[in-house]
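The form predicted on its own is given below as one chain in structure tokens.
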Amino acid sequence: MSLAAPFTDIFGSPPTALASAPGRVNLIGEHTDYNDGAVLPAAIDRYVSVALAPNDGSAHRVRSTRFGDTTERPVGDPKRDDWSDYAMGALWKAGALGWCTGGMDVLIDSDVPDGAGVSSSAALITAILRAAADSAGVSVDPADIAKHARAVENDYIGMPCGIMDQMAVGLARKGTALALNTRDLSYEVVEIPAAWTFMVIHSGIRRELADGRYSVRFEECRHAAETLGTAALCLLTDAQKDAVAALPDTLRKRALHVTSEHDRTLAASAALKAADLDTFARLMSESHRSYSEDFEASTPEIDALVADAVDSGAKAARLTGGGFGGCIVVLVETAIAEAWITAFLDRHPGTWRV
């Protein structure tokens, strides 16, 4: 929907900028992004859209089409565990960059589900930063927008995430994946073969990155890296890889997942470019096993969904996103995709296609 007319109705004047960003699904490469590793996300056909304009006041007014009321908060207001925090964080960053100097009016519309592991927050922050830059007449490289969006998550929200989500929602487009090196931000946009279909299915288990478990895994990876004498857990020397076996059990398992996931993601990117379906499927399956057993970020319910997906004809399936709930991504041959998803959802009425 176009937000120009409803924005004008709500705030009394037209927006100065409109922008949007898609959600994303990570095909493979979990918790490698903040360990300087490889990731392979893809854009999904769901978007966060925003309309924005300065209001000449000292407060931001934020409204979502999902809610009936406008939230008004002072410029520079810190996080308060409210739904509007991500919008406020994006506006805080836009102000720091000189893209807005006072209060802003923002209208948000989204069909990207929250708590599903498909980057609704990164899409919202990215869309607002894009709109704020456009409103200020500033041209910004998409990779720089991604860096600013990550800073919002890290510095305002307090979420120690990597940069995968922000790069994915800023650079990927429907039908493509982003083969990204998070160490130097080099990337390649790769076309997904027409014979492959990736289904994103919500498990019915809502996940909250802010509930602490994501941060625990982040700290475990940091501790493992420090013990091994590196700042990049994905890029160990042969001697450091040998030393992983001597780590305390929890840190050993976290390091095993991260290092092997980096290698799997590089191999999966090559398989995608070569349209090698069987190799890509095998790597996805190995990724889920590692994510569940070594990183311990899955749940019994999600493990059961993944197993049933493969048993019922999918080439592979895995938990995607930060873990502990949200969505699975399933690789199905396009020729059977629609029949497969109908039968799968019928067997699992608490799930839905994203």
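Remember, it's a predicted structure, so these values are computed and weren't measured experimentally. A residue's number is simply how far along the shown sequence it sits, counting from 1.
Another form, the form predicted together with a small molecule, is not on view; read the next lines as being about it.
- Heavy atoms of Val152 never reach within 4.5 Å of the small molecule in the predicted complex, leaving it off the interface.
- Remark: Ala267 does not count among the residues lining the small molecule in the predicted complex, judged by a heavy atom distance of 4.5 Å or less.
- Proximity of Cys161 to the small molecule in the predicted complex: non-hydrogen atoms within 4.5 Å are present.
- Taking the partner from elsewhere, Gly321 is found to have a heavy atom lying within 4.5 Å of the small molecule in the predicted complex.
- Look at 63 to 71, 300 to 308, 46 to 54, 321 to 329: in the predicted complex, residues with non-hydrogen atoms within 4.5 angstroms of the small molecule sit in 321 to 329.
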